[in-house]
Ligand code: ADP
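The chain below stands alone and is given as structure tokens, in the form predicted alone.
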Amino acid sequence: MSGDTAAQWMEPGDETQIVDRVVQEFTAQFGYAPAGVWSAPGRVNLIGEHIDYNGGACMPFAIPERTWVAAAARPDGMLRGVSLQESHGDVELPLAQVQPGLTARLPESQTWFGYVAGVPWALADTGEGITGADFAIDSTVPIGAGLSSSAALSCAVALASDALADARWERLGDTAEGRIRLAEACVRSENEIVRASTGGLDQAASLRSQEGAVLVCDFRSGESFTVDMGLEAAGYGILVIDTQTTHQLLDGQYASRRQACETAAERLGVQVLRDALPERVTPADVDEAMGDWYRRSGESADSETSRRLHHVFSEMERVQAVIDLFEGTPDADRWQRLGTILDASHASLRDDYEVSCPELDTAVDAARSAGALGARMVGGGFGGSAIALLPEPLMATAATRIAEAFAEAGFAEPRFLRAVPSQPGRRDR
């Protein structure tokens, strides 16, 4: 180890200053004050990767890093936007011209606006949306880190659009059921306008999380509940390692794996892959379901589709195991067992689902060497971030060790943040 590589930490920033800044940007750009400011967080997924679109349950939580949107309605059907993260000025587009595949038709410097314009389009299509609006955007969620910066943006726009729509007795953002509908609109926006194959995990976490808790979100039933792990009280923390290897959902790799899962479900005669397993999943259930697959498909255990399927089934079992850990009676081994589950998830994502990369593997291995109880990549993969479960006193040292490992491998310098379960989307002003 070089011994002189310092860890680069990201901070969520002063929220009051950020709100003031985005209001000032809005006023300077559009010549009048916004009607309000709304924000939505990025997310970390503790466990349950690539199973939202297969009807499984996932365990995400919101992080302190957020995207803020200052907004005001317009009566003329125009959408205008400016972002403090973009250097190409404002974007202007009639809402009537927002159509599926819009992002592919925008100039490269304006593709970010697809995540904005698609949300009022999706809401308007259900009779809930605005007719036009001006938006100014600021964010502390790192872009391309696999922490759901796109969902943070679309969810903040959804809350703003909902609040600015024609007067209704109750806003969607004011109820749990309404937030489900807002999340669905954001998913539709990303799927159809941006053509990103998101499954709904990110939007659910951004709009439905609870401060201090992990959200258990069942994507087959639509139900959710929270679990308080007592992480900080037990002296542990979640370190996020942003590899600075850009995470993209638009290159077809994510979509190809989703298609493989849909094909497998069809061959198994189920609506979604979760339907091939019993209500409470055990390792024996995973083995039985895989045996059924081999008999029905005639494929071997090492075929690509079989490996994709094995990840999905085994990850569903891991989610159940984590829920059981923290809903049962506390025991001294629960944190070590959680670490073992995180390790198994990474191995499955790396070997069966094949969505890891050298930077993510280096982050995970270095974290374990520095004292992590377990670590895994998070998000869609092919870059982005990893998380590590660490005793709180080891957080800073582990970050330094990981930075040194990246330097030795010749990778870009990683960045770090502490993932603390935080508030969902909200109105800030």
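The first residue of the shown sequence is 1; numbering continues from there. Please read all numbers here as calculations on a predicted model, not as lab measurements.
Keep in mind that the form predicted together with this ligand is not shown, yet the notes after this line are about it.
Note on the partner interface in the predicted bound form: the residue among Ser149, Gln320, Thr245, Ser348 having a heavy atom within 4.5 angstroms of this ligand is Ser149. Contact annotation: of the candidates Ile130, Ile238, Val286, Ile137, the single residue with a non-hydrogen atom within 4.5 angstroms of this ligand in the predicted bound form is Ile137. Only one listed stretch (155-163, 212-220, 322-330, 81-89) carries heavy atoms within 4.5 Å of this ligand in the predicted bound form, and that stretch is 81-89.
Contact annotation: Ala122 falls outside 4.5 Å of this ligand in the predicted bound form, judged by heavy atom distances. Mapping the unseen interface onto this chain, Gly144 counts among the residues with a heavy atom inside 4.5 Å of this ligand in the predicted bound form. In the predicted bound form, at least one heavy atom of Tyr115 sits within 4.5 Å of a heavy atom of this ligand. Residue contact with this ligand in the predicted bound form: Glu190 places a heavy atom within 4.5 Å of it.
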